[in-house]
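Okay, here we've got a single chain as structure tokens, the form predicted alone, with questions on binding and movement later.
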Amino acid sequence: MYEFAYQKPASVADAVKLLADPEAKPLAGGMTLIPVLKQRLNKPSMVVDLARLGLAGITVANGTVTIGAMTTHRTVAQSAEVKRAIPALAALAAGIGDPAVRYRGTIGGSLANNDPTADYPAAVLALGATVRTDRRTIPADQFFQGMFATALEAGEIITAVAFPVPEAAAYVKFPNPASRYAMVGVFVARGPAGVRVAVTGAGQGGVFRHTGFEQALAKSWSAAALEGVATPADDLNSDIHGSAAYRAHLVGVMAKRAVAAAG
């Protein structure tokens, strides 16, 4: 690990000022940044710890669940409010990584990193959530812009994520047995944003909406409606864990299970 300056600001404004340095890196839960630093794959001049910014917490009001960016996965998984309003979101959080990851990892850190196999991006995209930052509000369909790429500008900090409460929703994934990352994860939702289906773990460019499934489910909200709806393998991942064709098959299987679970 290289030497770097460490700062722990007490306000979002102070954090933004520090992150104006292009060589500075924000630290949320550290589930990605710390291993990267240990492996000397990144050499920031400064690490800006976001823990004291007051960005943790969950509120439910007016049909919206708002989760602060520094809220941990375990907090989301254990939240009685989330379980009542969007049980699929609580279940998703409960299945992230292992207990150590869930105690430290944060929803904001996960979204800012936008790992192509992460779980939260599927929930944000399928539920039609909005990502709030220190400067603006970004709709889910505009936020994700490819593998490890988002609409965030340099120094921009996620402050919260707002999820519309759906009528029905569920998330089912096929996890890698070692990492628990999704080889394929499918989040289905029917609610204020219409019928939306988001797939994570499978696409070369990260999370994506499955328009074929959405059109079929808009006509009939049932697992049977997905029979015969193809998932092209051309743009899917292929690696030692599974071929693109295998992942294409898993997308259909996970989607049917998710619809059945959503009821």
Partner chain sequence: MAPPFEGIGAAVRRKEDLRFVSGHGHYTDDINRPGQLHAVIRRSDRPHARIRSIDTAAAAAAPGVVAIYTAADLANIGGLPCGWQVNSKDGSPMVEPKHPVLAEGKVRHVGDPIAVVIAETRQQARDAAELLAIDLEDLPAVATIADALKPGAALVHDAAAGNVCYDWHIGEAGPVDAAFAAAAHRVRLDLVNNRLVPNAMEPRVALGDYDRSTGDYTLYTTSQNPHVIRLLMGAFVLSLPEHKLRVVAPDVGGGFGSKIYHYAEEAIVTWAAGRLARPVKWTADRSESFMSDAHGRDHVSTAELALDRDGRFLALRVSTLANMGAYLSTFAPAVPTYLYATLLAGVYTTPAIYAEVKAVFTNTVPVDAYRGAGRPEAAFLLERLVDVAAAETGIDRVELRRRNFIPRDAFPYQTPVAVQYDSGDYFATLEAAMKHADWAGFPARRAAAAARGRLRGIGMSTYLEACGVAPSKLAGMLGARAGLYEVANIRVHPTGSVTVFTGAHSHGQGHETTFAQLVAEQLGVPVAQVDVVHGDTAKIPFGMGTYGSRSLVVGGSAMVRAMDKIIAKGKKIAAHLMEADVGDVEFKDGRFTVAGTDKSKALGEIALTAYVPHNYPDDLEPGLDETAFYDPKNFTFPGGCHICEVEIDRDTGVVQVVNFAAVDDVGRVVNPMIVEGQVQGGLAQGIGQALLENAVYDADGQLVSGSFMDYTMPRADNLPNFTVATENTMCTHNPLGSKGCGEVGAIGSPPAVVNAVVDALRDFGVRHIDMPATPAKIWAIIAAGQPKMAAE
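Positions refer to the first chain, counted from 1. Quick caveat: nothing in here was measured; it's all calculated off a predicted structure.
There is another form of the same protein, the form predicted in complex with the partner chain; it is not shown, and what comes next is about it.
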**Request:** Give a yes or no on whether every one of 2, 40 and 242 sits within 4.5 angstroms of the partner chain in the predicted bound form by heavy atom.
**Result:** yes
**Asked** Is there any non-hydrogen atom of residue 78 lying within 4.5 Å of the partner chain in the predicted bound form?
**Response** no
**Asked** Quick one: does residue 113 come within 4.5 Å of the partner chain in the predicted bound form, counting heavy atoms only?
**Response** no
**Item:** Distance check, residue 177 to the partner chain in the predicted bound form, heavy atom within 4.5 Å
**Value:** yes
**Prompt:** So in the predicted bound form, does any heavy atom of residue 8 sit within 4.5 Å of the partner chain?
**Reply:** no
**Message:** Please identify, from 118-126, 178-186, 104-112, 153-161, the stretch that has a heavy atom within 4.5 Å of the partner chain in the predicted bound form.
**Reply:** 178-186
**Fill in**
In sequence order, the residues of 240-263 that place a heavy atom within 4.5 Å of the partner chain in the predicted bound form are 240, 241, 242, 245, 246, 249, 250, 253, 254, 257
